[in-house]
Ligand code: 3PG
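What follows is one chain in structure tokens, specifically the form predicted alone.
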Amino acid sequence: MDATKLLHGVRIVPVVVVDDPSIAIPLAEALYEADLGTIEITLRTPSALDVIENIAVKLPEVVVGAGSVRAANQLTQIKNAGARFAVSPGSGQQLLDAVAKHEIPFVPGAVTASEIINLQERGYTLTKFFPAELAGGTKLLKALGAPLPEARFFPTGGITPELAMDYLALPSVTCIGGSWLTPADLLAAGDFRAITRIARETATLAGYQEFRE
């Protein structure tokens, strides 16, 4: 279940770690106001499934997905919560088999050419490139793009607003993800206006609004 079609036209995906389910709706509204309507909630806190469910039920116009998916049983949980896509830092065979069973759009993780080719053989064009900056950043993506021209990437990890344009300028990059859009201190303070401002600034810097037009 390659996620290319679902993420078509999406260029920036906020990657969010949320501890408090009560902020799910104002957070999603803040990002949606900045035209960032696709959100990845990472499965790194006990509240993640509740956050996904709150957004899926109360803000169906937002495309909410689950990140840091690592095990087959998590697919049942996120699908029941209303997640519309899943993202993983890797691509275990049991996990890929479970994705096929659940038929949920999925972005598996890959860094090497062998990993990418293995995933292409399973029907995946779009893969997560993580941790992007530590793995080699745009230089490695350019190098991989030459022998693998059909590969498409969703880089996350270490990307900043200043680096966003460099990644989005690559023809092999479908979209980028980042946690800089939702800083932990602003989430804790409930400063959603500031989050909207950061999201808008990032979208403008990356040329995202122009792309959407």
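Residue numbers here begin at 1 and follow the sequence given. None of these values were measured; they are calculated from a predicted model.
What follows is about the form predicted in complex with 3-phosphoglyceric acid (3PG), which we do not show.
- 3-phosphoglyceric acid (3PG) is not shown here, and in the model of the complex it never comes within 4.5 Å of any heavy atom of Pro183.
- Interface residue remark: Thr156 is counted as part of the site for 3-phosphoglyceric acid (3PG) in the model of the complex, having a heavy atom within 4.5 Å.
- In the model of the complex, 3-phosphoglyceric acid (3PG) lies within 4.5 Å of some heavy atom of Ser179.
- Using a 4.5 Å cutoff between non-hydrogen atoms, Val15 counts as a contact of 3-phosphoglyceric acid (3PG) in the model of the complex.
- Here the chain stands by itself, but in the model of the complex one stretch of 111 to 119, 95 to 103, 70 to 78, 125 to 133, 125 to 133, has heavy atoms within 4.5 Å of 3-phosphoglyceric acid (3PG).
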